[in-house]
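Below sits a lone chain in C-alpha coordinates, taken as the form predicted on its own.
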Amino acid sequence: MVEKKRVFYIRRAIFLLIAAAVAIPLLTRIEFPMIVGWPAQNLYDFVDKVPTDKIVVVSTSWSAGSQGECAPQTAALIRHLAKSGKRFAIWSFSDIQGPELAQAIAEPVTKEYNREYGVDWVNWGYKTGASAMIRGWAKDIWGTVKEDMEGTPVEELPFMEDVHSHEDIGLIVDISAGALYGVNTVNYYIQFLKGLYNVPVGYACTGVMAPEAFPYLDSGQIVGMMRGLAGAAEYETLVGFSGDATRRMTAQSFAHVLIIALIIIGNAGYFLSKRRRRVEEAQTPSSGAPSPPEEQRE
(Lines give C-alpha, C1' and ligand atoms only; values in the text may rest on other atoms or scores of the structure.)
Protein backbone atom coordinates (compact mmCIF):
# COMPACT_ATOMS: atom_id res chain seq x y z
CA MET A 1 0.00 0.00 0.00
CA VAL A 2 2.82 2.40 0.90
CA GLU A 3 4.59 1.63 -2.37
CA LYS A 4 1.42 2.30 -4.40
CA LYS A 5 0.93 5.67 -2.71
CA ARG A 6 4.54 6.61 -3.39
CA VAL A 7 4.21 5.78 -7.10
CA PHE A 8 0.90 7.68 -7.22
CA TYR A 9 2.45 10.88 -5.84
CA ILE A 10 5.60 10.59 -7.96
CA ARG A 11 3.52 10.38 -11.14
CA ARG A 12 1.47 13.46 -10.18
CA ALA A 13 4.64 15.35 -9.34
CA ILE A 14 6.05 14.55 -12.81
CA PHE A 15 2.83 15.76 -14.49
CA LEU A 16 3.01 19.03 -12.54
CA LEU A 17 6.69 19.53 -13.40
CA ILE A 18 6.01 19.02 -17.13
CA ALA A 19 3.06 21.43 -16.99
CA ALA A 20 5.23 24.04 -15.28
CA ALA A 21 8.09 23.53 -17.75
CA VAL A 22 5.72 24.23 -20.66
CA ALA A 23 3.69 27.02 -19.05
CA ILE A 24 6.46 29.17 -17.60
CA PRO A 25 8.20 29.98 -20.94
CA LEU A 26 4.81 30.66 -22.57
CA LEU A 27 3.73 33.04 -19.80
CA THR A 28 7.07 34.85 -19.49
CA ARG A 29 9.62 36.23 -21.94
CA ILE A 30 12.18 33.48 -21.33
CA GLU A 31 13.69 32.45 -24.66
CA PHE A 32 16.48 30.16 -25.79
CA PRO A 33 18.74 31.40 -28.62
CA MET A 34 17.94 29.71 -31.93
CA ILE A 35 20.65 28.13 -34.07
CA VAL A 36 19.55 28.57 -37.69
CA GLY A 37 19.93 25.52 -39.91
CA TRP A 38 20.94 25.74 -43.54
CA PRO A 39 17.51 24.67 -44.98
CA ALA A 40 15.79 27.71 -43.41
CA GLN A 41 18.74 29.96 -44.26
CA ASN A 42 18.59 28.91 -47.92
CA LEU A 43 14.88 29.65 -48.12
CA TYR A 44 15.32 33.05 -46.46
CA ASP A 45 18.18 33.99 -48.80
CA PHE A 46 16.22 32.98 -51.89
CA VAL A 47 13.18 35.03 -50.83
CA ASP A 48 15.48 38.02 -50.47
CA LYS A 49 16.74 37.52 -54.02
CA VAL A 50 13.31 37.41 -55.70
CA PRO A 51 13.22 40.32 -58.20
CA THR A 52 10.82 43.17 -57.48
CA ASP A 53 9.04 42.65 -60.80
CA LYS A 54 8.04 39.10 -59.83
CA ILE A 55 5.67 37.78 -57.16
CA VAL A 56 5.92 35.08 -54.49
CA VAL A 57 3.07 32.57 -54.32
CA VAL A 58 2.29 31.38 -50.79
CA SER A 59 0.52 28.03 -51.10
CA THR A 60 -1.37 27.33 -47.87
CA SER A 61 -1.89 23.57 -47.97
CA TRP A 62 -2.96 23.30 -44.33
CA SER A 63 -6.03 23.57 -42.11
CA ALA A 64 -6.92 24.31 -38.49
CA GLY A 65 -5.79 20.87 -37.36
CA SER A 66 -2.16 21.62 -38.25
CA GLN A 67 -1.94 25.31 -37.45
CA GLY A 68 0.31 24.56 -34.45
CA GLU A 69 3.20 24.23 -36.91
CA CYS A 70 1.95 25.67 -40.18
CA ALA A 71 0.50 28.95 -38.85
CA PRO A 72 3.85 30.14 -37.40
CA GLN A 73 5.55 29.13 -40.67
CA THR A 74 3.02 31.17 -42.64
CA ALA A 75 3.35 34.13 -40.28
CA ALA A 76 7.16 34.12 -40.46
CA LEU A 77 7.17 33.98 -44.26
CA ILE A 78 4.51 36.68 -44.70
CA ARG A 79 6.34 38.95 -42.26
CA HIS A 80 9.52 38.54 -44.28
CA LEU A 81 7.67 39.31 -47.52
CA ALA A 82 5.95 42.37 -46.08
CA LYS A 83 9.11 43.64 -44.40
CA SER A 84 11.21 43.27 -47.55
CA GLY A 85 8.55 44.73 -49.86
CA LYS A 86 8.00 41.55 -51.88
CA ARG A 87 4.61 41.19 -53.54
CA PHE A 88 2.84 37.95 -52.77
CA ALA A 89 -0.32 35.99 -53.53
CA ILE A 90 -1.98 33.52 -51.15
CA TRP A 91 -3.88 30.53 -52.50
CA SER A 92 -4.56 26.81 -52.06
CA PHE A 93 -5.56 23.96 -54.33
CA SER A 94 -5.66 21.29 -51.60
CA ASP A 95 -7.29 22.72 -48.46
CA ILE A 96 -10.27 25.05 -48.37
CA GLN A 97 -9.37 26.47 -44.93
CA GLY A 98 -5.82 27.44 -45.83
CA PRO A 99 -6.43 30.80 -47.58
CA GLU A 100 -8.87 31.99 -44.88
CA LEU A 101 -6.46 31.15 -42.07
CA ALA A 102 -3.59 32.79 -43.95
CA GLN A 103 -5.75 35.87 -44.55
CA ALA A 104 -6.21 36.27 -40.79
CA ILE A 105 -2.43 36.09 -40.39
CA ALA A 106 -1.59 38.41 -43.29
CA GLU A 107 -3.96 41.29 -42.50
CA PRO A 108 -2.35 42.53 -39.24
CA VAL A 109 1.20 41.89 -40.50
CA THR A 110 0.73 43.77 -43.78
CA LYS A 111 -0.91 46.68 -41.95
CA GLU A 112 2.13 46.86 -39.69
CA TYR A 113 4.33 47.41 -42.76
CA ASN A 114 1.78 49.57 -44.64
CA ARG A 115 1.20 47.02 -47.40
CA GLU A 116 -2.09 47.44 -49.23
CA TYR A 117 -4.35 44.60 -50.29
CA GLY A 118 -4.85 44.46 -54.03
CA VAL A 119 -1.63 46.41 -54.60
CA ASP A 120 1.09 44.68 -52.59
CA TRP A 121 -0.63 41.37 -51.95
CA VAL A 122 -3.75 39.39 -52.85
CA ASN A 123 -5.56 36.24 -51.83
CA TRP A 124 -6.70 34.07 -54.73
CA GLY A 125 -8.55 31.80 -52.30
CA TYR A 126 -9.17 28.10 -52.68
CA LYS A 127 -9.28 26.76 -56.23
CA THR A 128 -10.15 23.14 -56.86
CA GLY A 129 -8.56 21.13 -59.63
CA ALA A 130 -5.09 20.25 -58.30
CA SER A 131 -2.74 19.55 -61.22
CA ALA A 132 -5.17 20.91 -63.81
CA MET A 133 -5.42 24.19 -61.93
CA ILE A 134 -1.65 24.51 -61.56
CA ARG A 135 -1.02 23.77 -65.22
CA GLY A 136 -3.74 26.24 -66.14
CA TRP A 137 -2.45 29.24 -64.25
CA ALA A 138 1.13 28.44 -65.25
CA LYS A 139 0.05 29.62 -68.71
CA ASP A 140 -2.85 31.96 -67.95
CA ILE A 141 -3.37 33.13 -64.37
CA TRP A 142 -6.16 35.56 -65.27
CA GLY A 143 -8.16 32.95 -67.13
CA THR A 144 -7.65 30.22 -64.52
CA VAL A 145 -7.83 32.04 -61.19
CA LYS A 146 -10.46 34.54 -62.44
CA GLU A 147 -11.26 36.15 -59.06
CA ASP A 148 -9.85 36.61 -55.57
CA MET A 149 -11.25 35.21 -52.32
CA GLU A 150 -13.77 38.06 -52.05
CA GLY A 151 -15.06 37.52 -55.59
CA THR A 152 -13.28 40.51 -57.16
CA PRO A 153 -12.19 39.79 -60.77
CA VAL A 154 -8.39 39.60 -60.91
CA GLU A 155 -8.22 42.08 -63.81
CA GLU A 156 -9.61 44.74 -61.46
CA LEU A 157 -6.76 44.35 -58.97
CA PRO A 158 -3.71 46.59 -59.53
CA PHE A 159 -1.55 43.77 -58.18
CA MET A 160 -2.51 41.59 -61.16
CA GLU A 161 -1.72 44.06 -63.94
CA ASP A 162 1.67 42.50 -64.66
CA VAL A 163 0.94 38.97 -63.36
CA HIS A 164 -0.15 36.70 -66.20
CA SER A 165 1.77 33.40 -66.16
CA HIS A 166 4.63 31.41 -64.62
CA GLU A 167 7.06 33.95 -66.07
CA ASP A 168 5.85 36.49 -63.50
CA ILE A 169 6.40 34.17 -60.51
CA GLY A 170 9.75 34.42 -58.75
CA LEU A 171 9.09 31.73 -56.14
CA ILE A 172 6.40 29.38 -54.87
CA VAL A 173 6.50 28.35 -51.19
CA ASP A 174 4.27 25.40 -50.35
CA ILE A 175 3.32 25.41 -46.65
CA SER A 176 1.99 21.92 -46.29
CA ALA A 177 0.55 19.63 -43.62
CA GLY A 178 -0.03 16.50 -45.66
CA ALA A 179 -0.91 14.98 -48.98
CA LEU A 180 -3.61 15.29 -51.62
CA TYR A 181 -4.81 12.04 -53.19
CA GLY A 182 -1.88 10.33 -51.47
CA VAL A 183 0.72 12.69 -52.97
CA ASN A 184 2.49 15.45 -51.03
CA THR A 185 1.33 18.82 -52.34
CA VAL A 186 4.86 20.04 -53.03
CA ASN A 187 5.21 17.25 -55.60
CA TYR A 188 2.61 18.97 -57.80
CA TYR A 189 4.69 22.16 -57.90
CA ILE A 190 7.93 20.26 -58.51
CA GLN A 191 6.37 18.30 -61.35
CA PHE A 192 4.26 20.91 -63.13
CA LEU A 193 6.13 24.16 -62.42
CA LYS A 194 9.71 23.38 -61.45
CA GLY A 195 9.96 20.49 -63.89
CA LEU A 196 8.24 22.13 -66.87
CA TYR A 197 9.05 25.83 -66.43
CA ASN A 198 11.92 25.89 -63.90
CA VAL A 199 9.89 27.98 -61.44
CA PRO A 200 11.73 27.92 -58.05
CA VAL A 201 9.91 26.07 -55.27
CA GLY A 202 10.35 26.44 -51.49
CA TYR A 203 8.84 24.20 -48.85
CA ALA A 204 7.53 24.48 -45.29
CA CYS A 205 6.22 21.25 -43.78
CA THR A 206 5.37 19.63 -40.47
CA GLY A 207 8.25 18.08 -38.56
CA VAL A 208 7.33 14.48 -39.40
CA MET A 209 7.32 15.27 -43.14
CA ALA A 210 10.78 16.86 -43.23
CA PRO A 211 12.85 13.65 -43.66
CA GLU A 212 10.96 12.81 -46.88
CA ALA A 213 11.74 16.25 -48.30
CA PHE A 214 15.53 16.20 -47.94
CA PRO A 215 16.07 14.35 -51.27
CA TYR A 216 14.27 17.26 -53.01
CA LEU A 217 16.42 19.73 -51.08
CA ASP A 218 19.70 17.94 -51.76
CA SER A 219 18.90 17.61 -55.47
CA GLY A 220 17.99 21.29 -55.83
CA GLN A 221 14.35 20.66 -56.71
CA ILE A 222 13.40 22.89 -53.77
CA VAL A 223 15.50 25.93 -52.85
CA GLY A 224 15.06 25.75 -49.06
CA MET A 225 12.79 24.50 -46.31
CA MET A 226 11.23 25.28 -42.94
CA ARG A 227 11.13 22.08 -40.88
CA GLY A 228 8.12 22.15 -38.58
CA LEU A 229 7.96 24.49 -35.61
CA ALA A 230 11.75 24.57 -35.30
CA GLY A 231 12.02 25.80 -38.89
CA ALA A 232 9.48 28.54 -38.21
CA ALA A 233 11.47 29.66 -35.14
CA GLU A 234 14.67 29.70 -37.20
CA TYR A 235 12.96 31.80 -39.85
CA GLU A 236 11.67 34.23 -37.21
CA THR A 237 15.25 34.65 -36.02
CA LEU A 238 16.37 35.49 -39.56
CA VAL A 239 13.54 38.00 -39.99
CA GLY A 240 14.47 39.57 -36.64
CA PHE A 241 11.19 38.84 -34.92
CA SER A 242 10.32 36.79 -31.84
CA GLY A 243 6.87 35.29 -32.36
CA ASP A 244 4.78 32.25 -31.52
CA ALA A 245 7.28 29.78 -32.98
CA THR A 246 10.17 31.04 -30.83
CA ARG A 247 8.07 30.97 -27.65
CA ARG A 248 6.71 27.51 -28.38
CA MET A 249 10.16 26.14 -29.17
CA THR A 250 11.44 27.52 -25.86
CA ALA A 251 8.61 25.76 -24.01
CA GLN A 252 9.34 22.58 -25.94
CA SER A 253 13.04 22.84 -25.10
CA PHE A 254 12.28 23.30 -21.39
CA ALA A 255 10.09 20.19 -21.46
CA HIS A 256 12.78 18.18 -23.28
CA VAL A 257 15.45 19.20 -20.77
CA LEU A 258 13.16 18.20 -17.89
CA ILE A 259 12.37 14.83 -19.48
CA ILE A 260 16.09 14.11 -19.97
CA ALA A 261 16.76 15.06 -16.33
CA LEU A 262 13.93 12.79 -15.15
CA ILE A 263 15.30 9.90 -17.22
CA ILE A 264 18.74 10.36 -15.67
CA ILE A 265 17.30 10.62 -12.14
CA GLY A 266 15.07 7.58 -12.70
CA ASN A 267 17.94 5.44 -13.97
CA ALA A 268 20.23 6.59 -11.16
CA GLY A 269 17.52 5.73 -8.62
CA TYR A 270 17.02 2.31 -10.20
CA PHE A 271 20.72 1.36 -10.04
CA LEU A 272 21.09 2.70 -6.49
CA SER A 273 18.07 0.70 -5.29
CA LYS A 274 19.41 -2.39 -7.07
CA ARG A 275 22.77 -1.96 -5.38
CA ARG A 276 21.11 -1.43 -1.99
CA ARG A 277 19.15 -4.69 -2.36
CA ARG A 278 22.33 -6.60 -3.16
CA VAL A 279 24.01 -5.22 -0.05
CA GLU A 280 21.01 -6.15 2.12
CA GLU A 281 20.89 -9.64 0.64
CA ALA A 282 24.60 -10.10 1.33
CA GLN A 283 24.17 -9.05 4.97
CA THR A 284 21.11 -11.25 5.60
CA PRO A 285 21.94 -14.90 6.44
CA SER A 286 20.23 -17.38 4.16
CA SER A 287 17.57 -19.73 5.55
CA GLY A 288 19.66 -22.79 4.70
CA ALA A 289 22.81 -21.69 6.60
CA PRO A 290 23.96 -23.95 9.50
CA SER A 291 23.04 -22.74 13.00
CA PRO A 292 25.89 -21.68 15.32
CA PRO A 293 27.29 -24.27 17.80
CA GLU A 294 25.51 -24.75 21.09
CA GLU A 295 28.39 -23.26 23.04
CA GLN A 296 28.12 -20.01 21.04
CA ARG A 297 24.34 -19.90 21.56
CA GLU A 298 24.84 -20.10 25.32
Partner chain sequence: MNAVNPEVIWIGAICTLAIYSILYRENPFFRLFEHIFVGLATGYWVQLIIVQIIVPQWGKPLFVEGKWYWTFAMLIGCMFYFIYSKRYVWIARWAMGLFIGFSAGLGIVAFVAEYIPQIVASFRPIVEWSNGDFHFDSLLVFITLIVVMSYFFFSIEHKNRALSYSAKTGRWLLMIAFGAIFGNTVMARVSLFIDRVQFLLFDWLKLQS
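Numbering follows the first chain given and starts at 1. Worth saying up front: this structure is predicted, and the values here are computed from it rather than measured.
One more form of this protein, predicted together with the partner chain, exists but is not displayed; see below.
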Notebook entry, point to check: Can you check whether residue 27 is within 4.5 Å of the partner chain in the predicted bound form, heavy atom basis?
Noted result: yes
Note to self: If we define contact as a non-hydrogen atom of the residue within 4.5 angstroms of the partner, is residue 221 a contact of the partner chain in the predicted bound form?
What the structure shows: yes
Notebook entry, point to check: With the cut-off set at 4.5 Å between non-hydrogen atoms, does residue 95 touch the partner chain in the predicted bound form?
Noted result: yes
Notebook entry, point to check: Going by a heavy atom distance of 4.5 Å, is residue 85 a contact of the partner chain in the predicted bound form?
Noted result: no
Notebook entry, point to check: Heavy atoms within 4.5 Å of the partner chain in the predicted bound form: which stretch among 39-47, 53-61, 265-273, 251-259?
Noted result: 251-259
Margin query: With the partner chain taken in the predicted bound form, which residues across 120-138 come within 4.5 angstroms through any non-hydrogen atom?
Written below: 126, 127, 128, 131, 132, 135
